[in-house]
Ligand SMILES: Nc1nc2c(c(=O)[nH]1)N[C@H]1C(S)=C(S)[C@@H](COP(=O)(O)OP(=O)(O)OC[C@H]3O[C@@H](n4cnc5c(=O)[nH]c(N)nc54)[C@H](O)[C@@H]3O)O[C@H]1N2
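Shown below, as structure tokens, is a lone chain in the form predicted on its own; questions about how it binds or moves come after it.
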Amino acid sequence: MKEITRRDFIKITSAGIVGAAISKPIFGFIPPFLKKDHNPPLESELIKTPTVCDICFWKCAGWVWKDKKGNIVKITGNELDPHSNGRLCPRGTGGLGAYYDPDRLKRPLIRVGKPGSQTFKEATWEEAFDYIVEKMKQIEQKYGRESMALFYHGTTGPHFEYLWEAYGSQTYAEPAIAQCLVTREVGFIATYGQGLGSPEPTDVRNTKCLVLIGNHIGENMHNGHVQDMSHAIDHGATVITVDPRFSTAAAHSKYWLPIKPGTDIALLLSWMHVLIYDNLYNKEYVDKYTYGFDYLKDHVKRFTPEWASTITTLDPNLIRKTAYEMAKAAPSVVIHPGRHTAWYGDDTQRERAIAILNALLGAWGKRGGFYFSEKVSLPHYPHPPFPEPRWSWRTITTDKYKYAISGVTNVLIDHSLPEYEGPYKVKGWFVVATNLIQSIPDQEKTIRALQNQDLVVVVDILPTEITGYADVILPEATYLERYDLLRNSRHRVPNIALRMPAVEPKYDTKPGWWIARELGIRLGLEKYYPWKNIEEVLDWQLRQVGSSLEELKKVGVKHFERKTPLYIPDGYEWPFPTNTGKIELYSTDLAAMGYEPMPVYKKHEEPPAGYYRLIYGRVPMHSFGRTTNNPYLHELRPENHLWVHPKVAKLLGLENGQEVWLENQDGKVSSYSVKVRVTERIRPDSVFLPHGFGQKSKQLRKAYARGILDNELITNVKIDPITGSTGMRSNFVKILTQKPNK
């Protein structure tokens, strides 16, 4: 058998693992059209349609291939796409599993049982819309339009955000913001005057040194970055991975720093100390482009590697050596800002520290560091002005979290609780493409808020746990069956990508844009929807930038000329959009708001005796709980496993594959069990559990009760005082070897 090399693993071929499954059905699930004939057609006999993957946020452009009977047989990457470079990861090639999933929602449903009972009656779209509109009018009359809240995720979300703006409510939030992006974006905005966006403009492909601190490239399958990291390694780049777990990235690193969880800021401050006091920082760059260096130098004076070692448990020589590695590579170095960045409650400052380190090394705006991404200036379809709401997410958020840049899900949930008595009540939920019960910490609070609503509507593809609490379920077509707004993301090369339906929607499902528009018309918002279908909108937008819908149907991705430099030209007086016009090592914004202008290390909670810190993360074939029921991807990883260090296993008498349960520090016990994986790839004070498993919806027949859902055990939430983000890594568990009585 041929040995699988690193490049074989990281560089996923365009056919992909699911392409192999289609041509030769090695998995248990076979699409209906293949059951009679397993001989795949030749590619020359297939019809291809452009798409943009919706399995994860990377949004790779690709091609959907179908036979002459209209059956989708595979999905491949689009070679014009800078997100994918023509290659898709296992999730992308497995996307057709969402289309063929026999458990997907098939028609509108109206609840007839108690909330959470999953007891519904089938309905027509007209009946479902009538029910929703009547309830929304009742809420409007009693509480105001602003009391209807929208929680959304993914590419369907913008259709409903537009509807909410037209309706007169800005009470909306995207759960991923508070959990993943807001601390990172604000940390970089407070430093450079601008955020990062997605994909992050890290020049990993050209870097000489890549530092990953809590970032699991290769497991989170950020497609373009996985390919770039592989290229950088093959060309001699040094990789430094800071992680309490020996991740896939750590396996390809020159240095692995198995840091004590919760001490990252101490390490980052110590690296700053070494760079400054050993005179390794990029003096010319710092003098020319930064503000507050003297403040920072004084601030980090005492944070020596020896000081950090007592906190992080890392060898001080290793701390110093890795700082020298970064300096040697500078400015071609990336301290990667990460993606899921809400951990311990001081995460904006941790991201600030990462931003400052990159500035000391002169990496911002330099080849092999951070490039300046650019997007197409794509106009919005003309519409009348939106009504001004009496209150919005800002009203209830920014007084408490002054640097919140978008709605915070947990704040909206707080205003949805029965005990909330203030003037800004939330009494209706519209949940689009996100399972709040699985993704938002403190499940019991989320459920209490749900049960206090006068109306709950869920728009989704699958019968997830939250659909059981809905009054109305609206089944959305999968991304392979619908148009969506153009993908217009920032990148090295400005580009636009098209998603169009490869096939008609199965069953009685509808595209998200159609659902939002039809509901808007029934709410009397016709003037905001002068177009009949989304094709009109897309073609109008494309013609404003010199293209057309017909052109995009043929090429899938179109590139445009850059208007700004990719990097800062040598010696150029570069203006930064901050208060000082410089990179702010000392943040004037944070100081004005009453926050610490420079990062400060604060000690975090540690596991009580007999408990272990619960670390959660990803596996490369799944996008959290969105794909664990996917018939193809489920075959690759049907359940999660609990990583346990051999010392802990010996102490507790655990063996590989043994079934265990978990109980957290608040006495919350896991609903299901999980199998143990004994490995030295995890610190003895921690356990690791991949997220997205342990589904509680019985309608998800493959994913139901398979493994443990980590979110069920996350009841200790640390809120970042700057942004309101929800830190979830201060939860601890003990391992139970006997099934608990319930």
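On a predicted model such as this, the values are computed, not experimentally measured, just so you know. A residue's number is simply how far along the shown sequence it sits, counting from 1.
Not pictured, yet referred to below: the form predicted together with the ligand.
- Shown alone here, F693 lies farther than 4.5 Å from the ligand in the model of the complex, counting heavy atoms only.
- For the chain shown alone, W65 is not a contact residue for the ligand in the model of the complex, no non-hydrogen atom being within 4.5 angstroms.
- Heavy atoms of M728 reach within 4.5 Å of the ligand in the model of the complex, making it an interface residue.
- Under a 4.5 angstroms non-hydrogen atom cutoff, the ligand in the model of the complex lacks Y403 among its neighbouring residues.
- With the partner removed from view, the residue among L150, A502, M221, L662 that has a non-hydrogen atom within 4.5 Å of the ligand in the model of the complex turns out to be M221.
- Checking H634, H273, K74, H216 against the ligand in the model of the complex, a heavy atom within 4.5 Å turns up for just one residue: H216.
- Shown here without its partner, the chain carries Q179, I615 and R626, all of which come within 4.5 Å of the ligand in the model of the complex through at least one heavy atom.
- Only one segment in the set 288-296, 645-653, 242-250, 532-540 has any non-hydrogen atom within 4.5 angstroms of the ligand in the model of the complex, and it is 242-250.
- Taking the ligand as it sits in the model of the complex, the stretch 342-368 comes within 4.5 angstroms of it through a non-hydrogen atom at W343, Y344.
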